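One chain comes next, on its own, written out as structure tokens in the form predicted on its own.
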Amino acid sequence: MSLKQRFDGWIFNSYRVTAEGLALLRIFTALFILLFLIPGSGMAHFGFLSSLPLDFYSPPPGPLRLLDGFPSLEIFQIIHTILIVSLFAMLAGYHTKWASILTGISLLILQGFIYSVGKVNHEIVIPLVPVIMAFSNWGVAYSVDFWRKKRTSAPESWPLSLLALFIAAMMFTAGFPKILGGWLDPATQATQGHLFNQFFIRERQALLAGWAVGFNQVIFWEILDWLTILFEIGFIIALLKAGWFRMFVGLAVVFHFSTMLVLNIAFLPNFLAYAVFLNWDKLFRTFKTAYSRFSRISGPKSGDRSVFLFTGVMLILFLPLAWISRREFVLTQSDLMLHEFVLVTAAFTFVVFAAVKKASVLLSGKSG
């Protein structure tokens, strides 16, 4: 087999997708961004940006450097409105491809202006997901496009390979500088130093942070330094097989969960990208089977209604969580938001449950 054939096999055949699974992923993505990942968390932040003097405008490399300063609040409101409308269009599957691309562009613009005051967060994956997945044809089923009898294309799996490549590259660029920065030096414990910075300088002292600061075991912290680098660099190797990459995504969830507990940093945007690699077709079949058993309705109608059921479940779970989180009733002494803690913990619980189930299957197979 030639190198070109192997590359084609990797990018086009690594991941299997179905129209039904992609439909659930599209709905989940739209709701997740709409309720938890809108840049700025409201127009008040953009009102503040629009009032800043020109001297504060220092955009990151890109087209925003063509501007002399922050736009007016009205411009921010227009971009924000375009984002909301495109998200609802993506949710409904109306002109899905262009709605997804417009969602990503709007997110990038708003993020770019937020980052133009000097601090850049690791949130590039938020716009990447809708832009890349736009080319998967995730509006091919259970969408306005489909119900309007509009001509649609077959689902494409190569966007998942592309997104996996982006994630691996991001992880590599996080891990390799740590090697150059001395994380592997046994005389220093970089993870512990980072903890001290978060705890004492940034006052991120919730959850297990206080316990971790008092846990002064050199070997433990040095092992964490090495494991962190091996994990982040290892994503490049994990690209070779879909199974390996999904395993590393699971490890990433565990990594971010522990980071949230100790450093009070959730990295919630990453979880949107990780969610792409779930078995959404299996989830669709689960909802369809549950609906058919409950309603005793089968056939095409059960598929349609199971998607509505999935959407309803997501709204029932997400809406109260978003509302309560914005009221800041809990975690008042932390930078963490309630929805970050709940969603990351839920993802961690799911990964542990899946790992235990997989292990039990393997063990039962060996014992048999």
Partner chain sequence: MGHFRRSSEPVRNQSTYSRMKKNRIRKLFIGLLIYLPLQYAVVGIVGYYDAEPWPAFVFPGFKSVYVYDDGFEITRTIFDVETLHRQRSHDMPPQELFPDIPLSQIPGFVRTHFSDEETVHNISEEGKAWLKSKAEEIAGFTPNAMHIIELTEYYRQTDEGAKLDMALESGRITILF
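The shown structure was predicted, so the numbers you read here are calculated from the model rather than taken from an experiment. Positions refer to the first chain, counted from 1.
As for the form predicted together with the partner chain, it is not shown, yet the points below apply to it.
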| query | finding |
| --- | --- |
| Of 98, 88, 244, 166, the one that lies within 4.5 Å of the partner chain in the predicted complex (heavy atoms) | 166 |
| The single option of 249, 140, 262, 133 touching the partner chain in the predicted complex, heavy atom within 4.5 Å | 140 |
| 36, 258 and 328 each touching the partner chain in the predicted complex (heavy atom, 4.5 Å) | no |
| 4.5 angstroms heavy atom contact with the partner chain in the predicted complex for residue 279 | no |
| Contact of residue 177 with the partner chain in the predicted complex (heavy atom, 4.5 Å) | yes |
| 4.5 Å heavy atom contact, residue 10 to the partner chain in the predicted complex | yes |
| Residue 316, heavy atom within 4.5 angstroms of the partner chain in the predicted complex | no |
| Option from 337-345, 63-71, 27-35, 319-327 whose residues, in the predicted complex, bring a heavy atom within 4.5 Å of the partner chain | 63-71 |
| Residues of stretch 10-35 in contact with the partner chain in the predicted complex (4.5 Å, non-hydrogen atom) | 10, 11, 12, 13, 16, 17, 18, 19, 20 |
